[in-house]
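You are given structure tokens for the same protein chain in two forms, set apart as structure 1 and structure 2.
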Structure 1
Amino acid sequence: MTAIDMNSVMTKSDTVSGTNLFSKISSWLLTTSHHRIGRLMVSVSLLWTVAVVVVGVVLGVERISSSTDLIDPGSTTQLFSIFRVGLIFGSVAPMTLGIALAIVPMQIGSQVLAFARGAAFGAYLWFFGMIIVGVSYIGNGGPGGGDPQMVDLFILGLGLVIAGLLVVSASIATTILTSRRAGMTLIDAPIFVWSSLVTSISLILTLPVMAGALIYVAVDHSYERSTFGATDGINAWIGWALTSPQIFLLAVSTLGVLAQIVGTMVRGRQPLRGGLLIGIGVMSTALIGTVTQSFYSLQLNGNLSDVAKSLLPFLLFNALPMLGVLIVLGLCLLAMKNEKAKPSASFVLAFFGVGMVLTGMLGNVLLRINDLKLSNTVFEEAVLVYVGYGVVLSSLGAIAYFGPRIWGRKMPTMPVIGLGLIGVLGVVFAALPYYIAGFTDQPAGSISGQLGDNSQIWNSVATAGQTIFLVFVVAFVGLVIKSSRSGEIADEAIFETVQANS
């Protein structure tokens, strides 16, 4: 199949843009072009990524010594919350959806999105929602916040974010389901399209649950009933959406990216395509089920039936997603054995991204073993960092891979690979120490008090990792901007590679 219709690269609405600044800006703000909306989302989510990593750096610095006092101790909870919410809803989710918006229609040969304006609307809702969320944090309104108005604002803002992401998801899913070019069956659709479909449908299925929880909390907070724990209950009720395994859902698309890149690299029909699909499907199916998670964990001590009873959900929520990832990863590696395969720069990012996600998932396996007593330690945070940063890595890989098709210029190979490796290093440094620290019982969400053995070392390394990742993200963004302006003109060959998928 030919995945990318060249004519759709520049849609008509783009060409309308005039020459002066005002009309340029307005043509972006009022756009209904899918890749512009996608690029807007991706760009803003990159900003959020930077912000979130900065928060991560700050938190890391705070943790190095229990006496360092960069921030007001009262706002620690909120800072941790910002890190989580920002990473999931400010960075990871919109980045994957944004890339899907930009790429999916091109891949299925549609010139436009279904509900193109809806998608724009969703993007703006998310954009404003995140701003409100940010403002409410500043005003002491996050989870556990003290300013009732700001708490309301936080809940509403998060509601807007969810609504926005839902609308965008709906647009992507509908596009995939209805606007494929003639003759392209769903089974023929490129693997990235598939992963996007699964991600978006998964979000459509799970986000409303979070929205419902938010409504409960909001009503509860407004009428001061405390049934749901008022402001402190926010974390309890919506927190599941910000922790593993729910966050693995956002990693589904990373598998698509990887498979897509691998497919290109091997320049031929991807082997075992059905296997890929099964892998993605298994992973997502299990993850959709996580909306039902109450507290589950593996209990090893006790009688057999109790162990068995806890083993089932443990396996369902951990083993199945991991199985899916492993299938995809394994098949991709298998494909690499093809002698025609030629590793590309973006592969590095995507591959390590998936690897990081997998590491996170592994961590989650451990986390959920009761006897290890890892919950409520920094181990939990490390899982989030692994998955979240992994998705970011992978998404950047996707940008490196698809980007040239949008702006027509190549990304330089070596810098991408180099940066990618730095990024991987950053993620590992940022997360791995906490895996270790988790075993030393360093408590999660805390910057003072008893931080556990050698906490200074681990925290220092983690901080360094965060910093490296920050540098990586900023540098990568810079690289993208630079190469999109002055990079080597992409030749047709780039686009031919896409053929490999069919």
Structure 2
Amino acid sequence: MTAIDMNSVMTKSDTVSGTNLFSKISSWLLTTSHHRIGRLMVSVSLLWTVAVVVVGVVLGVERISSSTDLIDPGSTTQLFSIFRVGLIFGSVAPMTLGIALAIVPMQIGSQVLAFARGAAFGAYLWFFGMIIVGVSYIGNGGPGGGDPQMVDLFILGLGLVIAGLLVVSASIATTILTSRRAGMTLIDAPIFVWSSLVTSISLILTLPVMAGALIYVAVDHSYERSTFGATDGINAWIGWALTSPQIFLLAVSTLGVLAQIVGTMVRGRQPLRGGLLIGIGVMSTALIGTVTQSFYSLQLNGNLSDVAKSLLPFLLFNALPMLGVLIVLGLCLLAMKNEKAKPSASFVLAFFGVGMVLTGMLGNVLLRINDLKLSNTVFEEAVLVYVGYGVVLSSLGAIAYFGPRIWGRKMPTMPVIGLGLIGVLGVVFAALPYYIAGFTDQPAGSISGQLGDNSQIWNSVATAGQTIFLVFVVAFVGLVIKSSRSGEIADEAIFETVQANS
């Protein structure tokens, strides 16, 4: 059996669905095809990725010099909010869910997607919700916005986004739990399926918490505008969903992608499958900090008993999820060493994507040490960039690996590897300088970078990194489009299913 679903390969009837524009649009609006819904979410999320990185470039240029006048200083809060909201809810979350929609049913041998119309409805809720969010920002809305009606519109749009992602997550989780082929137990499911299940359930448990906070903020903003801080208070109430540990839950899929690719590279003989499941489970403990909205820090000053009291919750909420990444990464490297596997193009993207996520999680550990005084500095922004862009890298690696199973054509190896290394360089340059600048007390959410002799250097390097990453994303999307249309025909033999072992 091969992992290619021949029904999902684009055929003539797929590309010419009707003789007019109306029939083509209706075929997409009314579709119940999991690969179509998944492709829609991935395609739009890539557009949001480009928009978010462009905002990152603009903010970086503003920080280089105070004489730069690209944006109105009064819109600084909104632009930083666009970057965070766009990266999490416009790019990372829908991209991971979209890939799961397209691939998971094929991996578990299901011909249908559970609640297929619901999944399509959720995808369109998310799509139009993000349009509303974007329009609200343009109309001077969003956190810190000056137009109350546009702020209300932002809250409405974000609510639709959350609802859409919840419906899609429920569809993925239900499909995995109830629609596996005869004879496949849950424990036998491919490791990518497991990571998708954990991600979906994590979102189902955490996003309603954010929805509740939005309801409180919406009611307050529509009436008194005092209890929850009006427009400026929105970030305070939903900010936990745009930072660690919530963003770690969206990175769980990176472990599944890497382990799946390695399993294929070593011909399905990946050791210690149970260890991989443990690693994914340990990383999902970030859920505890999210649903409680608690951030436990380590206090080193004081007597030994006070330090000990803060150490246990600090490790539980911050270090334990990082241990899960280390477990999976170590097992994957061990499997490659034992089998002497040659890294593939998709492996390069997935491996460095996990590496960037791990670097961000390590930064989060340092961020939560009170004595370092890194909170409210650009160090926080660097953590988000490392994790968010790391997930994007891994997701593009998943597209390079799973893509031929959908459109039947391979992506060229060397261009993918070359672009992947460019993307890694962009992430490092975009985030590492802010790790350094955080120790010089450069504030987060501010375009003022004149806080030291080297602040201009760090801001310039970070801006260059954002620009490099922008070039990488645009070039990779172009390569995907070209490969899907005119790439080398995929050899079905190389896609032999390794579901029971990988």
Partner chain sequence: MFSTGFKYFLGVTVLSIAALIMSLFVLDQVAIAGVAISMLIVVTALLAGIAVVTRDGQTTTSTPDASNELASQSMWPLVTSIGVVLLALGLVTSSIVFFTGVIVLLAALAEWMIQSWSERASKDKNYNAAARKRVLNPIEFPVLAALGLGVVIYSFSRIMLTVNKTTGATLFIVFGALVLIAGILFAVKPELKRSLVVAICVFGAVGIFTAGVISATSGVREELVAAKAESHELPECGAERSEHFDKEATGTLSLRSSVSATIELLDGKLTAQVVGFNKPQNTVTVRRSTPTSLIFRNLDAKEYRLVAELGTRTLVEPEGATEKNLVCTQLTAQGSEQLLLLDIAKSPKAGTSYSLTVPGVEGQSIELVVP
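Quick caveat: nothing in here was measured; it's all calculated off a predicted structure. Note that the rigid core is defined as the largest set of C-alphas that superpose within 1.5 Å between two forms. For residue numbers, the reference is structure 1: its sequence is counted from 1.
Here the chain appears twice, and structure 2 is the form predicted alone. Shown in the overlay between structure 1 and structure 2, fitted on the rigid core, is a CA shift at residue 439 smaller than 2 Å. After superposition on the rigid core, the Cα atom of residue 301 is displaced by less than 2 Å between structure 1 and structure 2.
Put the two forms on the same core and the Cα of residue 481 is off by less than 2 Å between structure 1 and structure 2. Its Cα shifted by 2.4 Å, residue 28 is compared between structure 1 and structure 2 on a rigid core fit.
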